[in-house]
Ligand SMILES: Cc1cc2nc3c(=O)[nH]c(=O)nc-3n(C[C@H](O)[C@H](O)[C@H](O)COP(=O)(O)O)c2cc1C
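Take a look at this single chain, the form predicted alone, given in structure tokens.
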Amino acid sequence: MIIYFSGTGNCLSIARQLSEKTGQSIMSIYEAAQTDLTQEEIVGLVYPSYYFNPPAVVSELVPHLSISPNAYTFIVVPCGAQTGNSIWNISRILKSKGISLDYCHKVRVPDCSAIGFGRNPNDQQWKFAKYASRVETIASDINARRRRHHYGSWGPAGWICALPAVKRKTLPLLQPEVNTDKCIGCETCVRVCPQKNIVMTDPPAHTPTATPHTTAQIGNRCVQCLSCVHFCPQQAIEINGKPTNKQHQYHHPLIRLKDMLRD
């Protein structure tokens, strides 16, 4: 079983490729946290790196996974550049559950957070050709049950970014916000948010032309996957008050909106 968390499709795409090459099924981490996986002989986790650490939701849900201590367990982190402590942190959680991490690696993919700093993630699609051989290597290692650790060590960057004082400074840099003047109430953001953290609500008083119940509102459970920012057809969800450039919206080219929609 390959368990994934994905905001713009990078991790879902890697999970699908590994599934095809290893014969393992895939499942979202939300579903996996409610499923008995103790009969699975192979369990893999595919998730991104945020601020040199695993996404908060991954750290929150991994303790709820039911995995046999005898399972071959691996982690693959698709990331823009560095994994930081993304693997190390989750391996510690697994260890506390009596599960030893057998294998870990990373795959460099376009950095979807680049949009928050005025850069275009689509300019990084050169990474796809370079990571094809890495995915082949990872799949081969998994099939052979090799025990190798790549990028799984502790590092100071992840530790620093996890400090409460630093998080208070950095988290707002990628905080999605709804521009109610652009929102048309299509509910795309509601359906792609993996956290079920976006709802439709009455528009503010300063938008008298808006139709009632057509304005998206982001709650307090955001994990900054930026799925809403990248998939909004009106570019109505912005980061830190900066307008969203349509040309800078990104999703993995093998993943479509329908793949990301939540039931």
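Remember, it's a predicted structure, so these values are computed and weren't measured experimentally. Throughout, we count residues from 1 along the sequence that is shown.
We do not show the form predicted together with this ligand, though everything after this point is about it.
Looking at C112, L94, I142, C104 here, can you tell me which has any non-hydrogen atom within 4.5 angstroms of this ligand in the predicted bound form? Flagged contact: C112.
So which of N120, N89, Q82, T137 gets a non-hydrogen atom within 4.5 Å of this ligand in the predicted bound form? If I apply the 4.5 Å criterion carefully, the residue I get is Q82.
Would P48 show up as a contact with this ligand in the predicted bound form if we use heavy atoms at 4.5 Å? Flag for P48 set to yes.
L174 within 4.5 Å of this ligand in the predicted bound form, heavy atoms: Yes, L174 lies within 4.5 Å of this ligand in the predicted bound form.
Any non-hydrogen atom of L226 within 4.5 angstroms of this ligand in the predicted bound form: The answer is yes: L226 has a heavy atom within 4.5 Å of this ligand.
Would you point out which of 74-82, 95-103, 143-151, 128-136 contains residues with a non-hydrogen atom within 4.5 Å of this ligand in the predicted bound form? Heavy-atom contact with the partner occurs in 74-82.
Relative Cα spacing, S68 and W154, in the predicted bound form - shift of 3 Å or more: So the answer is farther.
Closer or farther in the predicted bound form: C-alpha pair W154, L94 (3 angstroms or more): It is farther: the C-alpha separation of W154 and L94 rises by at least 3 Å in the predicted bound form.
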